[in-house]
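A lone chain, given as structure tokens: the form predicted alone.
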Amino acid sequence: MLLSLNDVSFSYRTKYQTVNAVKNVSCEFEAGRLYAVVGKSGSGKTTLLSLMAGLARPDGGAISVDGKDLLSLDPDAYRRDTVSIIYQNFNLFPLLTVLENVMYPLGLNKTPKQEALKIAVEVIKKVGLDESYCKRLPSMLSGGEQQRVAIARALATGAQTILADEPTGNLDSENTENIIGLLTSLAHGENRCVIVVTHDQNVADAADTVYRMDSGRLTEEAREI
């Protein structure tokens, strides 16, 4: 087992009320599979992703990574080495080139520059972009190309688990199909654990396992596709 949640709950305060965003959630995620977490806006999907990424601490229950309590791990090292996050709005640095964006997490890991350069070029090619893209700025790319760069950056560290928040939300149908194919190949071809929070039925249809959230709860067991 790579990542598991046991009776996890999380709440937060707004100006007017306490929101119970995640309620007693238990689920499991393994390497080599593509997972989709689906549900309406406000159902708790993104909060669940934040908990798995170590960006928020559960109020109750436990999240374990390869048998170790997530809270016992260094959060920065966890997000550098174990999980990588892909955002809907790409979160690329606008003043850095494609190559520099992909190399950025390797710099945080203190990877030697020449090695980082080699890795970055390899993963840029892996997501279907040739070397001519390396010197371009994000503003020179289409939405689909920017998402590919964001995925390349997530792959650069070699993280076993990929967490994606609506990765096809800003893309047209052709680019959506390409990104789904890429995420599927990462799970099945590279034995990574790929977890996608999504409204996109196409992503859910491609997933090996679908979890459905409703008002902070998993309302049904994992559905095998």
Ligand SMILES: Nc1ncnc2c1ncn2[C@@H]1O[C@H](COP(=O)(O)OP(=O)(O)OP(=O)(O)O)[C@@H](O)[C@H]1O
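Take the two forms, superpose them, and find the largest set of C-alpha atoms that agree within 1.5 Å; that set is the rigid core. Numbering starts at 1 and runs along the sequence shown. Keep in mind it's a predicted model, so treat the numbers as computed, not measured.
There is another form of the same protein, the form predicted in complex with this ligand; it is not shown, and what comes next is about it.
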*For T46, is any heavy atom within 4.5 Å of this ligand in the predicted bound form, or not?*
yes
_Residue contact check: A21 to this ligand in the predicted bound form, 4.5 Å heavy atom_ = yes
_this ligand contact in the predicted bound form: G158, any heavy atom under 4.5 Å_ = no
*Is H199 close to this ligand in the predicted bound form, meaning a heavy atom pair under 4.5 Å apart or at it?*
yes
*Looking in the predicted bound form, is this ligand within 4.5 angstroms of a heavy atom from every one of E28, S64 and T184?*
no
*Could you tell me which stretch in 66-74, 38-46, 52-60, 186-194 has residues with non-hydrogen atoms within 4.5 Å of this ligand in the predicted bound form?*
38-46
*At a 4.5 angstroms cut-off on non-hydrogen atoms, which residues of 150-174 are near this ligand in the predicted bound form? List them in order.*
E166
*Taking the rigid core as reference, does the Cα of Q201 move 2 Å or more between this form and the one not shown?*
no
